[in-house]
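First, one chain by itself in structure tokens, the form predicted alone.
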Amino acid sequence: MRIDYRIEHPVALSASFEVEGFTVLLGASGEGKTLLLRAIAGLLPAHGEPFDGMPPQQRAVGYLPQGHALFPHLNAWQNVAFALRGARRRDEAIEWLERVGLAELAERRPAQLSGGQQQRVALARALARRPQLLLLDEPTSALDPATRDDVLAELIAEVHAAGIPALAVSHDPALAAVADRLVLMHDRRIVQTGTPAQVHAQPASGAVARLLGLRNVFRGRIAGAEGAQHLLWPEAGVSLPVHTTLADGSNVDWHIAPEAVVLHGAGTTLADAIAVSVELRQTGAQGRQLGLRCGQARLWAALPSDDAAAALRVSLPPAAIRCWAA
């Protein structure tokens, strides 16, 4: 489904992109992502396709606002039945709750459900409308990290099973990682689209790299002519050899993957090695990494072993540094 919308108030925003399967619109807070969802749902004055000019009640959308917006005085099946008509409202609501694995909790009110369970009730209510498009506003915001992945997996499985295209807006890179299609918004415009693999392999800018949650994205400036260029890194107070076609004097965003940072012992004599100190060691989803203090900057490096010294030097291979015009 093609989304093509323009909003003038309360902020100016335009967005045009395709929704395929479970599509995530990733952008920082304040970009207007929620406004876009509200515009598509007909809750905000705007022009665009689909549904242009139709009142909200006639738009074939299922909308899950942030916080789920369940009626606190109604139990789970009554919340789902709110989207239904006819004599079989209760039976149909129970059937939808069964699809999301909550039929046994049909009589419980929202306050008696966990955040993930409330989300599934809200999803069942949205799907019960049999929409042409499902809209989700920050679906991971109420989930703790321990349950987020499982709830996301269930949510996406239900979306795929229903065969309804879904647009989720978020600033959470964890959600972007499980999307079928990824749309990046910066400065209230679409700056890149593609599969998560495509976007991660070739971020279009430093802003995109930051939205993706990549570590080691910094500001700098190119000095020297092509073939003999250096990257001036003000935060660290150093100059790095670099391979780029950007002109002398260009302000840049640049990135190096933690795995590409080369660690040396404190006594190394390499001319381009930079003195650093270890601030912290981290073991988690991104593997084992060191947080290194480099001037006023923190540089992340993958940790190959447990015997890294407290004081190190590092080198940043020029071929591993990616630069974008800032």
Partner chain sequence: MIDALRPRLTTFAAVLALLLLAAPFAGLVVATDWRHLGFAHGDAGAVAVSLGLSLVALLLIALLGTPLAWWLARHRVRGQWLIDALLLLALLTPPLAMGLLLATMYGPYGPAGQVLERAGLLLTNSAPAFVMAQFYAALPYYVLAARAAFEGVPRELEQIALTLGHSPARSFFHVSLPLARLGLAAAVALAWVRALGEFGVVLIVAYYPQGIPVKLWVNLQDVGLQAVYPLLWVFFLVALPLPLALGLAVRRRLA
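Numbering follows the first chain given and starts at 1. Please read these numbers as outputs of a predicted model, since none were measured by experiment.
Although not depicted, the form predicted together with the partner chain is the subject of the following passage.
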Checked A275, A257, A41, A297 for heavy atoms within 4.5 Å of the partner chain in the model of the complex; positive is A41
Looking at P72, G249, P145, P234, which is the one with a non-hydrogen atom within 4.5 Å of the partner chain in the model of the complex?
P72
Determine which one of 59 to 67, 275 to 283, 45 to 53, 22 to 30 lies within 4.5 Å of the partner chain in the model of the complex, judging by heavy atom distances; exactly one does.
59 to 67
Taking heavy atoms only, is V178 within 4.5 angstroms of the partner chain in the model of the complex?
no
Partner contact for I94 in the model of the complex: the partner chain, 4.5 angstroms, heavy atom:
no
Verify the contact flag for R210: yes if a non-hydrogen atom of it lies within 4.5 Å of a non-hydrogen atom of the partner chain in the model of the complex, no if not.
no
With the cut-off set at 4.5 Å between non-hydrogen atoms, does A162 touch the partner chain in the model of the complex?
no
Heavy atom within 4.5 Å of the partner chain in the model of the complex: which residues of 80 to 98 qualify?
F82, A83, R85
